[in-house]
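Let's start with one chain on its own, the form predicted alone, as structure tokens.
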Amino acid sequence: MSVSNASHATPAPARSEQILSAERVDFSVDAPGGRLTILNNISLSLNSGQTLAIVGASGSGKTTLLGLLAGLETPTNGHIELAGTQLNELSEDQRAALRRARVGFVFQSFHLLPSMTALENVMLALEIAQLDQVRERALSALEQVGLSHRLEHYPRQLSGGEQQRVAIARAFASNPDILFADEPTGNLDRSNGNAIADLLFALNEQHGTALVLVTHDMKLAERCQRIAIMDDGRLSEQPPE
């Protein structure tokens, strides 16, 4: 399926190549009461530079879907293609290598290393991805998120909003083709949350990076070009307004 256009969507670069697709994806796990189906017959697609929000109540399966789309898990049935590569055909190590090369992540809980400065946290991600000009890329990314004055500060010395800015800098520093964001404003107050949302969409436009955003916040979701609703493991379109 294709998901709907929001009426006041944020424009994205005019690029048409497909960056992500899922076809009839199921995901089940063994549970004490028997086999538990978490995702049921999920299909979607996303082109380069586009933005997609996946919304739904807690426990609806949206974070599980995000993990599958990013290759963190493998589906029970169905196929997922990320950046032109069928994830089902890759080993765990190969999927990890693909993520390092093509994917960025932003999480609700920041996931910064407390023993490293803001600059070191961003540099580490670039080193793991085996990119060149690590320090220069990290400095540029932190400047883009307005943290040039916080380079040598540790996470404990930063506010929640500043920590999430570091996480966003880390995600965009490698210039990924697609960014997966799981409740990126969930741990922030409204003011900081709005600022982080503004930053995500600004960087999406600037870099042409596709964005898949998981959220329970419909106001945030409506800033995306497309919205899909997860309910009890099924994904459906939100009709255009």
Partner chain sequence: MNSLNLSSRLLLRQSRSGSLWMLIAGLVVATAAISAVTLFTDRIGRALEQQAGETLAADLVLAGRTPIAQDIEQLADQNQLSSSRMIMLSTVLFSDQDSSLFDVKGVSPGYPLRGRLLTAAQANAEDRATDQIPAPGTAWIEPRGLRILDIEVGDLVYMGEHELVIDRVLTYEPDRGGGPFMLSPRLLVNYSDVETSGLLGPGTRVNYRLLVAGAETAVQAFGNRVEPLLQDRQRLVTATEADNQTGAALEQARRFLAVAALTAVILAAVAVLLSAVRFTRSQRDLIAVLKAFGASSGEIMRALMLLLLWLVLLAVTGGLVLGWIGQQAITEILSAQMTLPLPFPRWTVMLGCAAFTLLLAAGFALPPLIGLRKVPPMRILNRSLDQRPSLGRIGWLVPIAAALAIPVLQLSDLQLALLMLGGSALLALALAIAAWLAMRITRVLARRSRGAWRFGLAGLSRRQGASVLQITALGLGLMSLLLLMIVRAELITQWQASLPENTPDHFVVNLQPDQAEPFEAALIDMGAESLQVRPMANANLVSISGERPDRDRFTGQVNLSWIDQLPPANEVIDGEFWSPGATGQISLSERWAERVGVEVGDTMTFDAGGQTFNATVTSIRRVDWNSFNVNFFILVTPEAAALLPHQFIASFYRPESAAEALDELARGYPNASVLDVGALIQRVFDIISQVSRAAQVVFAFTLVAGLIVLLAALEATRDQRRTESALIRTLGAGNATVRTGLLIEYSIMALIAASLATAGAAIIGWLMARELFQFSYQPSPMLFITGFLVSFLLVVGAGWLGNRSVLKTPPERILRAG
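Positions refer to the first chain, counted from 1. Computed from a predicted structure; not experimentally measured.
FYI, the form predicted in complex with the partner chain isn't displayed, but the following is about it.
From the list 191 to 199, 43 to 51, 66 to 74, 204 to 212, the contact stretch for the partner chain in the predicted bound form under a 4.5 Å heavy atom rule is 66 to 74. The partner chain in the predicted bound form is approached by residue 130, whose closest heavy atom lies within 4.5 angstroms of it.
A residue is said to contact a partner when one of its heavy atoms sits within 4.5 Å of a partner heavy atom; residue 163 meets this definition for the partner chain in the predicted bound form. Not displayed here, the partner chain is approached by residue 159 to within 4.5 Å at the level of heavy atoms in the predicted bound form. Taking non-hydrogen atoms only, residue 125 approaches the partner chain to within 4.5 angstroms in the predicted bound form.
In the predicted bound form, 170, 182 are the residues of 164 to 183 with at least one heavy atom within 4.5 Å of the partner chain, listed from first to last.
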